[in-house]
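Next comes just one chain, in structure tokens: the form predicted on its own.
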């Protein structure tokens, strides 16, 4: 049986190049990771957006950052729809609220509803219209090359990593976001006329936080609750 060897790029169709990322002194490493941690800990989900326009170039570069994420077998099983058209945003809001109403009035069990009470959410989603941009993230359950279907690998994991890149890039640029998942989301394929291999993954409103925006006073779990060390 022939074994796989990463030292045989001719078998893979890729050329290989040296990669030597920067190495920092320990003090600089600690400083950099702490800066990033502090920046990301300031991020909060926003449900009330300012109507002020935001630079499109910033959003495009954030999407480019997302598209640089690692993925299973480098299949890059994602696509991003950037929406500023008011009519499309309005249609998405109407359809999302229809699904959310059904969720809040029958689909969600009582425990789910109780857990949402402190956050104060309901089926109304005005941010889908008010945010300057919506980014709808789609996952590609398979790829196509002409009429041929090609398998994708670790699709949810890959798209999840890309989404994390996207949210981080937007936050670092000073923009606010929300991760919104109206369920089911198939109406997004219909509205945006997406191909058959794509499934909605996430809706992300993007903009500046409104001047009177408020967020709940929540606490993150301490490190000792989320970390297990094996020395």
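Residue numbers count along the first chain shown, from 1. All values reported here derive from a predicted model rather than from experimental measurement.
In what follows, reference is made to the form predicted together with a small molecule, a form of this protein that is not presented.
Note on contacts: among 85, 74, 121, 143, the single residue with a heavy atom within 4.5 Å of the small molecule in the model of the complex is 121.
For the marked spot (47, 100 and 104), a heavy atom within 4.5 Å of the small molecule in the model of the complex is present in each of the three residues. Contact with the small molecule in the model of the complex, defined as any heavy atom within 4.5 Å, is confined among 134 to 142, 147 to 155, 75 to 83, 106 to 114 to 106 to 114. Within 4.5 Å of some heavy atom of the small molecule in the model of the complex lies at least one heavy atom of residue 181.
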